[in-house]
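Take a look at this single chain, the form predicted on its own, given in structure tokens.
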């Protein structure tokens, strides 16, 4: 059993992840922004920690994650503007790196973005900025000295998924259900020998456990 802290616990991936971690016997805590979200987390056995990624400092993040064994960063600005993208998707993981080092936490999992996301279609305003800060956050984590895994999902679908995926170091671009992203994260957490890997992820035809096992070197 591990003590796991989820940043983005109420998001599309995060709220699907924590039930899987609890079922696997882990002790889970999660960052939430709205006060009313605390009760839902608490009733599910999650220790709620209130905090806004637009305002939280690295020191405050350290206090939130103190005592954890593993931290998962699955938060995102979700297209809510350049400023929020910079602070949440860009600076959020950077603050987390500093917080992990100060708190003595070595294992960190980051949900990033597929490099080819959106190519070939009409790009929304702010998209190139989003991809830029995502890559900068990835690079910061790779250089951090932590025991990291970066998961790069394709276009995220608001679905629980069927537990069938494609996962690898380089994939043809595609979409993926948020539930499948959560399932892969849960499986990766229980497969600690997978470390220092950037993994691309789409929906596919391989069961999650089998797909993750195939990533072991």
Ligand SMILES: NC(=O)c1ccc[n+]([C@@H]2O[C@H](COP(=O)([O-])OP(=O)(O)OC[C@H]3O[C@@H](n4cnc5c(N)ncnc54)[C@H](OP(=O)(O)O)[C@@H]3O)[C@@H](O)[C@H]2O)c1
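Small disclaimer: the values here were computed from a predicted structure and weren't measured. Positions refer to the first chain, counted from 1.
FYI, the form predicted together with the named molecule isn't displayed, but the following is about it.
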query	finding
Contact of residue 10 with the named molecule in the predicted bound form (heavy atom, 4.5 Å)	yes
Proximity of residue 52 to the named molecule in the predicted bound form, heavy atoms at 4.5 Å	yes
4.5 Å heavy atom contact, residue 155 and the named molecule in the predicted bound form	yes
4.5 angstroms heavy atom contact with the named molecule in the predicted bound form for residue 33	yes
Listed residue (146, 75, 103, 140) with a non-hydrogen atom within 4.5 angstroms of the named molecule in the predicted bound form	75
Selected contact from 57, 37, 191, 164, since only one has a non-hydrogen atom within 4.5 angstroms of the named molecule in the predicted bound form	37
The named molecule in the predicted bound form reached by all of 182, 209 and 213, non-hydrogen atom within 4.5 Å	no
